[in-house]
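Just the one chain here, laid out as structure tokens, in the form predicted on its own.
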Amino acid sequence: MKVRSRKVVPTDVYLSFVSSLFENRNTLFTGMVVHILTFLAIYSKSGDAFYLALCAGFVIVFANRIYWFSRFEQTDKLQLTRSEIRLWERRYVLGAASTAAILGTGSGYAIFVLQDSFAELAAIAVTMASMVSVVGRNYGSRLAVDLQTLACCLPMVIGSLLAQDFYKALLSLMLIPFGLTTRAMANGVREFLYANVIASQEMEKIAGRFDTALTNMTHGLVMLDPHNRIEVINRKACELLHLGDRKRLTNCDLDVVLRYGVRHTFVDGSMPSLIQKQLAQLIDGSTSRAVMQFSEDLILEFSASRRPEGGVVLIFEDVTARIRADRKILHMVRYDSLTGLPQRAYFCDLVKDKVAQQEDLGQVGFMVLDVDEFKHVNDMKGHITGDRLLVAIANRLLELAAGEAIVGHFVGDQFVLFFPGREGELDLDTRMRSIHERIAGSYEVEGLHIAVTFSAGCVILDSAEFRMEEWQIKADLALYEAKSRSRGRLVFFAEEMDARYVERQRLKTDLRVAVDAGDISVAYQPMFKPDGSALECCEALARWTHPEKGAIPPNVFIQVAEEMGIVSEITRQVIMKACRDCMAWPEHISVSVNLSMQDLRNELIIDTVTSVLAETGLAPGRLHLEVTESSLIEELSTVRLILEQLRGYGITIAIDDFGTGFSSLSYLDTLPVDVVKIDRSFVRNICEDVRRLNLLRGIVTLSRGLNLQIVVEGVETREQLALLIKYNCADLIQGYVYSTPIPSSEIEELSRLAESKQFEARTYVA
């Protein structure tokens, strides 16, 4: 690199060059003493006072230079501007050039004036020695080198030429290449040092950047040599490992450093050996990544990279938060957040592990527990109370099953237990029945005492033939059987249940085919005025005749349809057929269609009804839609909005089976209802039980007060009909006392008979 001009030299380098001029005052003092003593010796030999004057000049120049040296030493060099640095350079050059000029003048004078060999030799020798020092002392300033060389050589050349001595003149001319060589040497030194300064600065920048990068890394870094000694360690590594100042760790053995950490208790006492083993595997290349738990609050993940020259680079980060989050997520996946019990998938894993650990368990048992009428608790007490009840049940199950069974929570209000077989203990049947018996009872939740019973389905299997997917099906079948019988029952799986299950699956397949083919037919049960003088409405009843099994009861295939999720399609077909049939009846006769719980879960039923009315042309006022109380329990607000829209079209809304659900009376005030159909259970014993009759009359009075039309269902005897007429308990009568369900084709004839008073009530005999 050629330094062509000091203007291209960076300011900080320029300052370093100028500072080098002012560095060593001792050589300055030594030179001054030598110069004065030499000129005093010449004076003593020659007696020429000119050299005394030159000695005085040395003293004056030296004093001036010492002054500026001291001032420069006191100056804050980091605050100097480039122009100020140049001023200091000129001050130095002035002093140095003055000293050289005195030396050159003394030498030239000795050659031209004195022409004394001693004086010439002494003067020229000290001058040449000073010129040699120019390279070592003044390389930092091109101007200083040039002026000092010129000031030393020019007087001697002039003196030699004026002396008119050929040989002296010839010899003096040799000073020109000497001066140029001195100048070139000084420039070479300056350029070399400049290149090194620039390189040093670049290295400092790179080192600084590297250090900054290491310092600000979010990962810890440790670079080890082939002997497991630390060569480089960053601040993050020291923070994570609690090792203090990183500078004092260089060349320390990693094992010693870790033992230091153990002594200072940042590592759990039981962990060091495991950590050192894992680190040893990373260092020797057995593994490339490892997660190490140093304490409850510190988990680090290490990765290792081998170095070509030997050794290894360890990079690690704090993954405590991530590991905790992973563990939390894993816990959430495995365990129910409400009860803390294993969920289905993890429960199955626990069972598999248990069976795998003990190959010969003999027989094993599963029990699925379902909380009876849990939905009623949610509806009456609120979901928060329901959740806390589940927690209380889970806690009691854990207490009862401790050492007996593995407990899990599937969905909602369903719990499951796995019973491993044990020799010398009670048989599985007894153990299961014992827990089922003890789990039922009263639970205290938020000051409330809630009586809880459980339906349970159980299955006992041989562990050698255990299949995870089989027990769930069999236990569910047993549970279904238990719930179908009565509340609080425990039922063990029997093979005939499997047969019934298969039969039910076939029934589902056949029902889907029938619905897709439109094979659901409709029968109608008429509703008469109490005296039988007029037929005013008919309830549409879905019917399905199986090609092999014959007529399937509605309570069977409707339930199956609800399980399959196709009951809304049956509703649509029944509404369509009922509206078409109604169009063929006398205009005063309406038709009533039942809506299921699934129909009322969204607003699709509104589009279904309006499109059917538009297609058939039936007046909306002739269509009645019946909803049961059970369909109102789940989402009362949604049902209310749907019924209000339907009623807005002019459709009549009726509550069917009134009195069989919960909080029946509250619905009369909150729902858009026109008709109340009182359930047959209130009519059955009114002739024998006065209290039952009074209860019926009370419901009627309340309903009439709300301007609701009253239909009494299930009237089967003339005696029942007579009491209803006597106490004016009905606006319409529906029951076998007047008619069983009949085809649409018979409605018009039945209506004609009623109007002609040729139709009489009868007593139905089952």
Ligand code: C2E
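Each residue number is its position in the shown sequence, starting from 1. These numbers were taken from a predicted model, which means no experiment stands behind them.
FYI, the form predicted together with this ligand isn't displayed, but the following is about it.
Check for me: heavy atom within 4.5 Å of this ligand in the model of the complex, for each of 529, 686 and 731, yes or no. No, because 529, 686 and 731 lack any heavy atom that approaches this ligand to within 4.5 Å in the model of the complex.
At the 4.5 Å heavy atom threshold, is residue 595 in contact with this ligand in the model of the complex? Judged by the heavy-atom cut-off of 4.5 Å, residue 595 is in contact with this ligand in the model of the complex.
Touches this ligand in the model of the complex: residue 541 (any heavy atom, 4.5 Å): It does: once this ligand is placed as it appears in the model of the complex, residue 541 has a heavy atom within 4.5 Å of it.
Does this ligand come within 4.5 Å of any heavy atom of residue 525 in the model of the complex? Within the cut-off, so yes.
Do residue 580 and this ligand come within 4.5 Å of each other in the model of the complex, heavy atoms counted? Although this ligand is absent here, residue 580 would stay clear of it in the model of the complex, with no heavy atoms inside 4.5 Å.
Sort through 649 to 657, 320 to 328, 279 to 287, 112 to 120 and report the only stretch with a non-hydrogen atom within 4.5 Å of this ligand in the model of the complex. Among the listed stretches, the partner-contacting one is 649 to 657.
Using a 4.5 Å heavy atom cut-off, which residue among 500, 680, 487, 601 comes into contact with this ligand in the model of the complex? Of 500, 680, 487, 601, the residue with a heavy atom within 4.5 Å of this ligand in the model of the complex is 680.
Of 257, 589, 312, 574, which one comes within 4.5 Å of this ligand in the model of the complex, counting heavy atoms only? Checking each option against this ligand in the model of the complex, the one that comes within 4.5 Å is 574.
Using a 4.5 Å heavy atom cutoff, which residues in 700 to 721 contact this ligand in the model of the complex? It's fine if the answer is none. 713, 714, 715, 716, in sequence order.
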